[in-house]
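Below you will find one chain, with nothing else, as structure tokens; this is the form predicted alone, and questions on how it binds or moves follow later.
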């Protein structure tokens, strides 16, 4: 059929498109095959009942309750240093395989005394994984960057080995204390020379109070560390504490982080304030529909922000958990909102300006898109 051929061609084009990923959680991006293998090992050790999670892991159309069941499994898996290293290595390889040329991975450093894990040792395990990627060249430190080093994209038709810039965001979990949040910011500062580039605030949106994390976020601001905040993430109708929390959303907008994640559940005044602030928004379509933050793809707030020319970046959130990919998210934008290839390309290109990396990296990324544009959009 003509339609299926057109769909196939567009999907392939979206894979070949050079892309920038700014909102990807490490643990939520684990491969299903890896998850199955590791869960089987935990089952054999009696840590979990493998049969309870086996079917959920193998599904591609998980319900929200099933996704939450996997979150519990992620937390168990990531108390092991070698597992963390393996996951980090595979996640980078998977993003690079679909022509992501710049990737910011966010993860919550974990303290687990019983497992001999500290926040620092957890992050060392992540960095070890990034350094052990073999199939592509991972540019993790700015000091490794030469002027002629730019990630390659399939759009250019170049057979050179692919390069991908990878940076790390340390997440403050909303369950943490002020002291623990401050520890995370200080660790980010200590690991700046190892690819750590920013701070994220995330976690269950009905847990915790804004005032608890504010000192840590202000500390990051004082240190010159960029921040991104999950804001108005989802509406949990069954929760006693309703999300969105109007007071918290207002406080987040007033804080003026460098970027905001999701921003699903804003009221008219908050939308106005967001648009006037021009704070870039990390858009995660599949995730927002799955979690109830958006009623459907067609009614997603992407269209409103895009038409208002608000700064946007298309992202995955949890590619493994929600059975998606960045290429698929771009395809969904095209098929749902009727964007042309040129408009999609400009959307991907625009995300370069919102990365937390320095100007040299931005310059190299701009060159990737300029080269791709000359070869694919000139006709």
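Positions refer to the first chain, counted from 1. Note that the coordinates shown come from a computational prediction; the quantities given were computed from them, not determined experimentally.
Omitted here: the form predicted together with a small molecule. The next part is about that form.
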{"query": "Per-stretch contact check against the small molecule in the predicted complex, the hit in 35-43, 328-336, 315-323, 343-351 (non-hydrogen atom, 4.5 angstroms)", "finding": "315-323"}
{"query": "Listed residue that, although the small molecule is not shown, lies within 4.5 Å of it in the predicted complex (heavy atoms), from 280, 226, 203, 93", "finding": "203"}
{"query": "Partner-contacting position among 75, 272, 120, 115 - heavy atom within 4.5 Å of the small molecule in the predicted complex", "finding": "75"}
{"query": "Site check 106, 110 and 287: each within 4.5 Å of the small molecule in the predicted complex by heavy atom", "finding": "yes"}
{"query": "4.5 Å heavy atom contact, residue 71 and the small molecule in the predicted complex", "finding": "yes"}
{"query": "Residue contact check: residue 64 to the small molecule in the predicted complex, 4.5 Å heavy atom", "finding": "yes"}
{"query": "Interface membership of residue 248, the small molecule in the predicted complex, 4.5 Å heavy atom rule", "finding": "no"}
{"query": "Touches the small molecule in the predicted complex: residue 26 (any heavy atom, 4.5 Å)", "finding": "yes"}
{"query": "Closer or farther in the predicted complex, the Cα atoms of residue 64 and residue 52, when the shift from this form is 3 Å or more", "finding": "farther"}
{"query": "Pair residue 68/residue 52, Cα separation in the predicted complex versus the displayed form, closer or farther by 3 angstroms or more", "finding": "farther"}
